[in-house]
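Encoded as structure tokens, the following chain is the form predicted on its own, with no partner shown.
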Amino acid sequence: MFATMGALGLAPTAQAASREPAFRAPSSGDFHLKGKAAAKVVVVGGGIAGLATAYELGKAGYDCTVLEARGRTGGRNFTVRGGDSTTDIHGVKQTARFSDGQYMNAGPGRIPQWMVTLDYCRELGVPIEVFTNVNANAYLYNEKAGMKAPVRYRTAKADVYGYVAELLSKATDKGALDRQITADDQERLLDFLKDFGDIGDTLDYTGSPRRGYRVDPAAAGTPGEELGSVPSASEVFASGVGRYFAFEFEYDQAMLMFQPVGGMDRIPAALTRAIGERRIRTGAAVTEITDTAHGVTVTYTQSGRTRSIEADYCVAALPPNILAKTAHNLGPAVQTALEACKPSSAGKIGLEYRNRWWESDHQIYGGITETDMDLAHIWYPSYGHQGRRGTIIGYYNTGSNADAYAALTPREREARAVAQGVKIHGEKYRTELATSFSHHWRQTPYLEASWHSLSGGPDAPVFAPLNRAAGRVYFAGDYLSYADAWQHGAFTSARKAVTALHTRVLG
């Protein structure tokens, strides 16, 4: 009956509900049915995975204590506002001087609409707004490929699609696909290609209104002037701009995407309130985790004093590279697995400008400019449109590019990023700059990674010890998911640990 209702659109179908394995939050009623009682749990790490663990267990009345080494919760979910200060592992201190209402998300900055992160935003009352991940008015600029000037995303896309459609249609028209598809299918393919590349019946790509206009269409007498100087197919392919269009098809990058209103850290802030700040101890750096026959003892330092806490269970939700350097008795297999989680590098710089010239001069409202320079990406803000000031992410780079910037002083990072941005946007990129703040995750105390690389994925045999309890210690984190670097991975990993722990307590 339920299946029939689903087919009629009167109930959700199994397919519609299959985006992730079903999760049922623990409930205090579960204990009444079993004649059991909630346990005491210490959660090591106050990032998204740790907070989600304490939040879900708290629904059933578990006595949870969260130990967070840093002075704030959220882990790599870090929104920088004016007045915020950081000190990296080398002792370099920065204080943000962003004006009121301006911020940069130093960690996660966008949420795909299929991820459970949005479910938590709804449940916790965190308002969201659209994050523009792809913008036809943003630029592409591959300096190393010989491009002399940036080109609009829409223009490059029209040229690439146009020439691909021309080449494929002519191959089809000359019978090159006779052995691959039927004559009828070739006709259907030709019809598709004519529209896909805007090549018409001639099958020649000679430009298209899709490329954009030199003079935009307006009132009578102004039909618009299309962009001229269509590059050759060879020039278009040599520029390498085509490599960027697959980005918008990726399952985790396709629009629509979202962000919390006011900054990504609205999520950990809401979790912290829901858990209760009295249950969270910040500035508590864990030094040892000891599994015993009847519980777990966690030793930590706070305010210069060594303390310890005993609990029935522990959920280790700190980064694996940090846990690998923490004393424990969880066995060599666990240690080997932790050491096999390789930390990755990533960094960002926020550039606050005195006016939003990218909107007024370039008509760019949100989105990302892609480059082959070492700044990699430029993100335009998806909030505060047409306001007085705005903050651009002047680089979001990874790997060796991020490491190269990490070796510089904050002032040198700014100079390097701005010098490259000027090549795309001109001198306003320099002259209108008010302030900047840069952040590199490999240099962040108690984290020292942007995300982690697990060879073979989290289900590889070497990581098996982290996917089950080590005595009374469970593990959680985005690295133990197929959505590493996303909050969705942290949330779903936490749910997995919560389910396993709760099932065990219920016996």
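Note that residue numbering begins at 1 and tracks the sequence as displayed. Because the structure is a prediction, the values reported are computed rather than measured.
Here the subject shifts to the form predicted in complex with phenylalanine (PHE), a form of this protein not shown in this document.
Screening 354 to 362, 384 to 392, 202 to 210, 246 to 254 for residues having heavy atoms within 4.5 Å of phenylalanine (PHE) in the model of the complex returns a single hit, 246 to 254.
Phenylalanine (PHE) in the model of the complex is not approached by residue 463, whose heavy atoms all lie more than 4.5 angstroms from it.
Not displayed here, phenylalanine (PHE) is kept clear of residue 474 by more than 4.5 Å at the level of heavy atoms in the model of the complex. Put simply, residue 451 is close to phenylalanine (PHE) in the model of the complex: some heavy atom of it is within 4.5 Å. Interface membership of residue 157, defined by any non-hydrogen atom within 4.5 Å of phenylalanine (PHE) in the model of the complex, is ruled out.
A heavy atom within 4.5 Å of phenylalanine (PHE) in the model of the complex is found for exactly one of 76, 110, 413, 328: 110.
In the model of the complex, phenylalanine (PHE) lies within 4.5 angstroms of a heavy atom of only one residue of 367 to 398, namely 396.
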